[in-house]
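Next up: just one chain, as structure tokens, the form predicted on its own.
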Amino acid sequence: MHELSVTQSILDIVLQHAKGRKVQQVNLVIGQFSSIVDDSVQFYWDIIAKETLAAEAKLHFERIPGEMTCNSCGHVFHPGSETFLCPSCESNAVRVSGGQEFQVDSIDVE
């Protein structure tokens, strides 16, 4: 449900930067750990962008993989879906060091 407010923020940013021009595409960068669901954003976009200059804009989602750093050995890795253990030393003392991104990267306008 939080995608509705997130999508409204995206639309506000896009319309602000479009400066009255018709928006053709919105390029979004979304990290694996950001908990944003592409289909939900697209669903809300189709509803709230109606009757705006972004109504026909296509959303392009670029997914960034999650990245973790081991606090024990310093190894940087992309975790699998089953474990967050460090693949180098098997420590569970790890921290998220990437993949939390969520941003409007660019927009294409007429």
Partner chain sequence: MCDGHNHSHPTHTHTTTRVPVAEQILSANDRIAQRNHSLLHQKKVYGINIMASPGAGKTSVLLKTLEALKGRLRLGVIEGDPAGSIDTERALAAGMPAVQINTGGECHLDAVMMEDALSQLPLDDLDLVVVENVGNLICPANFRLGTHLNLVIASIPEGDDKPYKYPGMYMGMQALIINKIDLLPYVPFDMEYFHQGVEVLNPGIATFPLSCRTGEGLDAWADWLVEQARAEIIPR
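Quick caveat: nothing in here was measured; it's all calculated off a predicted structure. C-alpha atoms forming the largest set that superposes within 1.5 Å between two forms make up the rigid core. Positions refer to the first chain, counted from 1.
What comes next is about the form predicted together with its partner chain, which is not displayed.
Of the heavy atoms in Cys89, none are within 4.5 Å of its partner chain in the predicted complex.
Its partner chain is not drawn, but in the predicted complex it has no heavy atom within 4.5 Å of Glu51. Contact check for Phe43: every heavy atom lies farther than 4.5 Å from its partner chain in the predicted complex. For Glu82, a non-hydrogen atom is located within 4.5 Å of its partner chain in the predicted complex, even though that partner is not displayed.
In the predicted complex, Ser81, Glu82, Thr83, Phe84, Leu85, Asn92, Val94, Arg95, Val96, Gln100, Phe102, Gln103, Val104 are the residues of 75-104 with at least one heavy atom within 4.5 Å of its partner chain, listed from first to last. For Lys19, a C-alpha deviation below 2 angstroms is recorded between the shown form and the other one after rigid-core alignment. Once the cores line up, the CA of Ser9 ends up less than 2 angstroms apart between the shown form and the other one. Relative to the superposed core, Asp39 shifts its CA atom by less than 2 Å between the shown form and the other one.
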